[in-house]
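Only one chain is given next, in structure tokens, and it is the form predicted on its own.
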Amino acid sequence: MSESVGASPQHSGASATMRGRQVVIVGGGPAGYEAALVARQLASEVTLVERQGVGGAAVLTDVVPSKTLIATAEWRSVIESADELGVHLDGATALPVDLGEVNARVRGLAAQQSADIRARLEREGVRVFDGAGRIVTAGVVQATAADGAESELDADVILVATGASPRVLSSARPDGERILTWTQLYSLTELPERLIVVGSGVTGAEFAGAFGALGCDVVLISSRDRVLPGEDPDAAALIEEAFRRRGMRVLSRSRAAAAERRGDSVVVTLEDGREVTGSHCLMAVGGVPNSAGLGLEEAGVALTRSGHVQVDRVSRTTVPQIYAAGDVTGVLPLASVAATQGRIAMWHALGDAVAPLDTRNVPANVFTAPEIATVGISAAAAAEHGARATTVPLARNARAKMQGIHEGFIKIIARDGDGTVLGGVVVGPRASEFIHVLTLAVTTRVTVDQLASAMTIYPSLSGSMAEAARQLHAAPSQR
């Protein structure tokens, strides 16, 4: 891996009291490998124990593979919309997708990313142990290799970064062929004739959108009033409208009770008795923390009722020498947050300067088409923060018109009076890149006047961000 997940300040060399500390990290995803790099920078001896492969689920079965698949779907969508720009495909009416070839690329890219991260760790002096880890005491981790060989690793500091796994319903158990979790999609060699997606959160919406863009007939089953219930309502409504316009069947307020295979079909039964039939079914109903069997409770580490490891804002558990980071903690299921938690854990454990995690400034992105990116407070919470919001649609932006962009908007939330930017939403192509401007504004307490005073290129999509900022300008008499 050529770069770290997210940005972090450079820390000076370790003090004499830090040198020689033994750090054992159980789990090699973003939280684990970023923590390992920090610990080595602070002159500790580091062993990382990972049973699946360096990079963990984020690299091998989750973030990297899913976004690679989505990138392919995006290209197909762009090509199909080329006619609007006057680019014709010599009369071609269909763009066939070889899912076997697509998934081979997905798996290969994930494996290469894992290899790159491993090489970086080893180059920095991290010992990588291929196997499973279990805490024996607050100072000892038992590592078990695939062949059953066991090793005891002494530790001054232990970090648990074992992530989470797809939640499985007893009435809809995946078989890896027709009923699938999101980790199993990459074994498919042909596009499903009809894919039923159960769950309309971020994972379900992303895969439903991607497979729809690849040419698959998709039915999205949502137990809520709308898709993406945790996102900005305006953004979620736009995505649902886009899904329906592109031919997706969205069943709102429809809770799945069971899924069963019937020959070469899958039948999903809803709680009201209706049945939905497809060739394949993706169960996207959340995740569960990988905290069982790690010896956590025996070592005195407190877990929540959901099985997540309890941590404070510097990643400490209820046992002083044991820290935890990433999805196993349930703080925020984002690779960027996991990486930050892991770095914070090591800075704190090894005595370096550190600021506690502040989730208020965390940017997040939903990789649908268009993307939804958010940061800071929501528009719904604006009133309680003494703030107001304004929205500028991208459809009236000159650059958007040139690129054939019809959907999306920029929303800025700013405090009344001084105009401090408190949050924002970007809906549009590459919103994940665009949101960084608003993340900087929220993090550094920039005002809308300051944001508006920075010149933008004409024509550019960023011009709409400056326009939104200008709309929130308060005249002197209103301050």
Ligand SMILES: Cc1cc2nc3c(=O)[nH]c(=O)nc-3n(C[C@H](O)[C@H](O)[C@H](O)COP(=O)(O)OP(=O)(O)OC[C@H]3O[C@@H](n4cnc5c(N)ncnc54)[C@H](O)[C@@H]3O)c2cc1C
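In this text, residue numbers run from 1 along the sequence as written. The structure presented is a predicted model; accordingly, all values stated were derived computationally and were not measured.
Omitted here: the form predicted in complex with the ligand. The next part is about that form.
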*Of 299, 164, 387, 213, which residue is found within 4.5 angstroms of the ligand in the model of the complex when only non-hydrogen atoms are counted?*
164
*Only one of 397, 290, 72, 114 has a non-hydrogen atom within 4.5 angstroms of the ligand in the model of the complex; which is it?*
290
*Could you tell me which of 429-437, 414-422, 30-38, 448-456 sits within 4.5 Å of the ligand in the model of the complex, going by non-hydrogen atoms?*
30-38
*Would you check whether the ligand, in the model of the complex, lies within 4.5 angstroms of a non-hydrogen atom from each of 49, 294 and 325?*
yes
*Indicate whether the ligand has at least one heavy atom within 4.5 Å of a heavy atom of residue 243 in the model of the complex.*
no
*Partner contact for residue 333 in the model of the complex: the ligand, 4.5 angstroms, heavy atom*: yes
*According to a 4.5 angstroms non-hydrogen atom cut-off, is residue 258 in contact with the ligand in the model of the complex?*
no
*Do residue 66 and the ligand come within 4.5 Å of each other in the model of the complex, heavy atoms counted?*
yes
*At a 4.5 angstroms cut-off on non-hydrogen atoms, which residues of 111-135 are near the ligand in the model of the complex? List them in order.*
131, 132, 133
